[in-house]
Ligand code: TLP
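Just one chain is shown here, as structure tokens, and it is the form predicted on its own.
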């Protein structure tokens, strides 16, 4: 039985081109700056995002943590959304490892934070308060449904930060999904931030790795912080080689994932006892809700797993499915038929 794994786009497997590139990659010691593939990947990433330099790290969580440690000193404060990945899903790293204080602002349903809320969160110069140093944005916004922060919002937030002498870091784990959805060059979204991290191992299908981009001085300091966290890799060209293919070949095809997510969402909208906000399905992430008390999300997840379909429970009534490389239109139709079958059985009870 084929497994249709919709839990996350982190489950993507590398393409044959990636595997060949890994096998053929010239290797060197990256801590000495001598790994050819890593150097090339970092140059490509910097050029793609319009930044001076870049640094490869092992994960998106490390990318965000290294960036925050580079922007902030101990006792300083970061403004970020209360539903942001960095706040919820990254093990409290900024506090535990950096002594940096998170100041949360309510995320709106579209993933933004109201500019007036950000302004109110900025500390005045008072010895009782931590110093506000950084604003963190997330684009696309995972918890809010893979929603896209538009270019205008990025620009307005950057202007607010500049007015208050703050820096902006972008958790751009799926920033290429955002750019493709908006039909813009990714530079239009990254030009307004001081640093950005993006994942190679999600929609771009590389087996592992993320990249941080920023100014040359920022990346030089970030490299030191990466080393402090144990992220100084050696012959990591075997990772970078797949990342190069990811940037060269896997960005434009993200439209396929978005189309499959829309197909899934529209199908779910017609199934009894399921509800979905179609306006929030903008990229490859589909959140939907269970409206029946006759079945739990955990039970539905297990029933689908018996048919070889994997989705995620995201609470007592909320479920998540993520489309990605390796998921076809046929897989979406099979998933919808299974959902229809199980919910029809509930409907008859």
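Numbering follows the first chain given and starts at 1. The shown structure was predicted, so the numbers you read here are calculated from the model rather than taken from an experiment.
What follows is about the form predicted together with this ligand, which we do not show.
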Problem - Contact test, all of 71, 98 and 169, partner this ligand in the predicted bound form, heavy atom 4.5 Å - result: no
Handout entry: residue 226: touches this ligand in the predicted bound form, heavy atom cutoff 4.5 angstroms
Key = no
Practice task
Evaluate residue 142 for contact with this ligand in the predicted bound form, applying a 4.5 angstroms cut-off between non-hydrogen atoms, and reply yes or no.
Solution key: yes
Practice task
Indicate whether residue 77 is a 4.5 Å heavy atom neighbour of this ligand in the predicted bound form.
Solution key: no
Problem - residue 328, heavy atom within 4.5 angstroms of this ligand in the predicted bound form - result: no
Exercise for the section: Tell me, please, which stretch of 254-262, 228-236, 83-91, 146-154 lies within 4.5 angstroms of this ligand in the predicted bound form when heavy atoms are compared? Expected result: 83-91
Problem - Heavy atom within 4.5 Å of this ligand in the predicted bound form - the one residue of 268, 134, 199, 245 that qualifies - result: 199
Practice task
Only one of 313, 289, 39, 61 comes within 4.5 Å of this ligand in the predicted bound form by heavy atoms, so just point that one out.
Solution key: 61
Problem - Residues in 1-26 close to this ligand in the predicted bound form, defined by a heavy atom within 4.5 Å, in order - result: 8, 10
